[in-house]
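Only one chain is given next, in structure tokens, and it is the form predicted on its own.
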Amino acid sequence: MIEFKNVWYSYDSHEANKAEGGKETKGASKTQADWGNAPDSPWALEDISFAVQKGEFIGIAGHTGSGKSTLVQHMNGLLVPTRGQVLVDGVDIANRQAAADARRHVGLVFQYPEHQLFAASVYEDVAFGPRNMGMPENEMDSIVREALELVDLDFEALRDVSPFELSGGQQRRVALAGVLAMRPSTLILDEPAAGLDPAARRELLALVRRLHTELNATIVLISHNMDDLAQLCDRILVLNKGRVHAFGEPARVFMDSAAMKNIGLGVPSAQRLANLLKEQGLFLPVPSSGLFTPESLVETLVKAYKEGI
């Protein structure tokens, strides 16, 4: 559904062109930071190739500066590759019209989306995107109602309320509803739970899971939380210094905990504890999934205890 073909991207085309020509660049003699691109690196993304299939739940991980947000802004044409191609449903979205068409199907929710709320009422904020897309005005009530219901907000109770009078969690749901109102088949979320209290965070991630399962939406989720990625995602893309470090099922990606540590990332907490126990000499059979969850680790430890291991 979304395919990256040898994508390179630079925020500074002049420096990138110099680097491509083999000449000295502003950052060529400097050592990059341990994680992420150095501030003077000409390339934010380097030779990225992968594909997201319809209906998948894809996670994206990487240290700050590794290129995660830059990457997802290519998925609906907000950014255009300096080199390479991004295809949505087989169409290169490098030109404006193709990118505009892609944005009808690929919705992007930035980190702290509530900062983008602006209208006098919840209704007007949620209706803004659909109106810009030319959706019929006589259907707007049902469009807004449906979007608010998807994020568990009451249409009648909130339609005329200012979004700035709502709690932080409710504001984030309104912002998400504004994207869902455009009825995208793919939803990209950049750290959607950032800054929320634990209860609101759990509720929001449960909502994202439900959107995936009930609507069969394709989900792309950026997160620093390895537990969330392991539990939610079909596959995980790990970025390091603008390049693909790993891409595959969670068990495969988290198999090498030392490699993840070397790029500033960890592994899910249950797997991390299992690894520590193994280092202390406790034999733990590998679960069928290849990756321990809190539940499977507890079950394994209880069994080991009963068997006197």
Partner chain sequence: MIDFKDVRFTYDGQQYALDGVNLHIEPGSFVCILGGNGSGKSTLAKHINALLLPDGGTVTVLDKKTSDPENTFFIRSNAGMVFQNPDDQLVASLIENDVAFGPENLGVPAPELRERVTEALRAVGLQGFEKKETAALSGGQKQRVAIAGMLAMQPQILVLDEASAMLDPRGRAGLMRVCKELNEAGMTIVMITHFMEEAAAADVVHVLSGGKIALSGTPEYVLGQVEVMEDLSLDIPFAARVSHDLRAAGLPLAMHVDETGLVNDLSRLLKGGAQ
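Keep in mind that this is a model prediction, so the values were computed, not measured. Residue numbers count along the first chain shown, from 1.
The same protein has a further form, the form predicted together with the partner chain, not shown here; the description that follows concerns it.
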property: Proximity to the partner chain in the predicted bound form (heavy atom, within 4.5 Å), stretch among 143-151, 192-200, 207-215, 82-90; result: 192-200
property: In the predicted bound form, Pro287 touching the partner chain (heavy atom, 4.5 Å); result: no
property: Exercise: Ala246 in contact with the partner chain in the predicted bound form, heavy atom 4.5 Å; result: no
property: 4.5 Å heavy atom contact, Arg272 to the partner chain in the predicted bound form; result: yes
property: Exercise: Met1 in contact with the partner chain in the predicted bound form, heavy atom 4.5 Å; result: no
property: Stretch 255-285: residues contacting the partner chain in the predicted bound form, 4.5 Å heavy atom cut-off; result: Ile263, Gly264, Ser269, Ala270, Arg272, Leu273, Leu276, Leu277, Gln280, Leu282
